[in-house]
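To begin, one chain is listed below as structure tokens, in the form predicted alone.
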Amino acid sequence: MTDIIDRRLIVGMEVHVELATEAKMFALGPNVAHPSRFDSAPNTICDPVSVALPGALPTMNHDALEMAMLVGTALNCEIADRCQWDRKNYFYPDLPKGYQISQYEHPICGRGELTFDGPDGAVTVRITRAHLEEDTGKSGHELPGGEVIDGSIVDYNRSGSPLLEIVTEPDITSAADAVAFGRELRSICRALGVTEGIMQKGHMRFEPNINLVLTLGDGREVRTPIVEIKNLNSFRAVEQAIAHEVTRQEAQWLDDGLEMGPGAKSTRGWDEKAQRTVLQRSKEDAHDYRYFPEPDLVPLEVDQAWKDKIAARLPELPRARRARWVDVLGLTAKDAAALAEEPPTADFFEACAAAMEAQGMSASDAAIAAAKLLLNAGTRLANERTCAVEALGITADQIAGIALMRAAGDLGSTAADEVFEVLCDSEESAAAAAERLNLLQVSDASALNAWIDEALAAHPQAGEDFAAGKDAAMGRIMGHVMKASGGSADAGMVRARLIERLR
């Protein structure tokens, strides 16, 4: 067999997004993907439609449709004038009806695109379609405590939950870009408020379709059969599964020479412990599902006024928001990414910066000060208290007060962190807290000079070393000044006066 001299990865993504509506897709039963139902015990929120009781008929969830349209608009998709519901027929224990209500020929969202920032720069992936369907139940092969059983168990809570399936063209060429695409899509969906996006709960499940273009020594190009990796619910799993498939598919081709063609597709599962994919079945084609129009639901007409109403709900999307923070407000890309990771944190950051601007700070200074306080003191306390930064209890106005005191030189950095922590459990102002805790920074010239004189008298050698250019010697002098002042001396002014006096 001819040697392989080059290989090129091709990945198309299928992403299943559980929409956080209160009710299910085609029934009034509660939706397990809604925050109020996260902790529902297995098989406690089932409904007649989703478990296929005789005579139960579906009714479309209007909120789910509008959420799908909102995502499609954010992805620059063509929103259909007319969409249709279809039955996708197959048997599996977690599908009580024996079919899934989905969209086949006429989905709600058509072609679009998503541009995101990959490791090597901006990448644009074409969206093929985004269609609505009902989710299945959830099969398991071990008990809740982890005990492996000889058989399977099924939880029908998820059955009937609204599911938006987003399908891309095979435009992704690396595992890292696949992860970056997934992260950006998750950020968009969470910013739109259509899903909580908790990966561990299966709110977003990724199914990369992977194959290789192999360049052979004789100049020919061959394509390996496409493999779909099912139900990946972490970005780590997405990256590792794709990386594994690159190696496995090349080795498989060297072993059997099988190329992409009719009937050559397959699905595989990801074994996290073994770090390998496992064959599940040969991949069905569309005709295997015997799609036909759903007789219990009429086609849906979407006029331009409805589309315009949805477009008007579109907020500033995460990528544009991060770019504004960097390009206009002067944040670093790293800080912007950290603040934008959680939509409520991003909104709280904006509120803090706005409160500072209202007190006279420039937009850039306010943003940088807010970012520093939230990402330093805020993140530390949030980690300690196992909550989000915005849930610490401190208000935007209180944070603005800290920043303004820092800018005026009334509060040192360490004292600012202390005031921040105190205000998480207090309704007083930053100024009142700082005064009560005796943390106000002293910049009075006579007081500073007195402390400096005392420090130099106590550490004459340190004074001589600093005068000779040894910056490290200032530490001993500064330490004495801060101790003598009870931590209230303005460190910047102390340093400036030492340089003025000794150099």
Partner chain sequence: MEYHPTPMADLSIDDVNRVAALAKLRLTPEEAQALLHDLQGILGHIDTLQDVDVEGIEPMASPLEHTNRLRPDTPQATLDKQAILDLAPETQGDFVSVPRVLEGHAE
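Since this is a predicted model, take the numbers as computed values, not measurements. Numbering follows the first chain given and starts at 1.
Just so it is clear, the following notes concern the form predicted together with the partner chain, a form of the same protein that is not shown.
Colleague: Within 4.5 Å of the partner chain in the predicted bound form, heavy atoms considered, which of T379, S266, T173, S139?
Modeller: Of the candidates T379, S266, T173, S139, S139 is the one lying within 4.5 Å of the partner chain in the predicted bound form.
Colleague: Taking the partner chain in the predicted bound form as the reference, which of G261, G219, G151, G121 has a non-hydrogen atom within 4.5 Å?
Modeller: After the contact test, the surviving option is G151.
Colleague: Does any part of P293 reach within 4.5 Å of the partner chain in the predicted bound form? Heavy atoms only, please.
Modeller: P293 belongs to the contact set for the partner chain.
Colleague: Considering only heavy atoms, tell me if F181 and the partner chain come within 4.5 Å of each other in the predicted bound form.
Modeller: No, no contact at 4.5 Å.
Colleague: In the predicted bound form, does Q280 have a heavy atom within 4.5 Å of the partner chain?
Modeller: Yes, contact at 4.5 Å.
Colleague: Test of understanding: in the predicted bound form, would M361 fall inside 4.5 Å of the partner chain by heavy atoms?
Modeller: Residue-level check for M361: no, no contact with the partner chain.
Colleague: Of these, 366 to 374, 183 to 191, 88 to 96, 422 to 430, which stretch puts a heavy atom within 4.5 angstroms of the partner chain in the predicted bound form?
Modeller: Of the stretches listed, the one contacting the partner is 88 to 96.
Colleague: For the heavy atom contacts within 4.5 Å of the partner chain in the predicted bound form, list the residues of 38 to 74 involved, in sequence order.
Modeller: Sequence-ordered list: P42, N43, T44, I45, C46, D47, P48, V51, L53, T59, M60, N61, H62, D63, L65.
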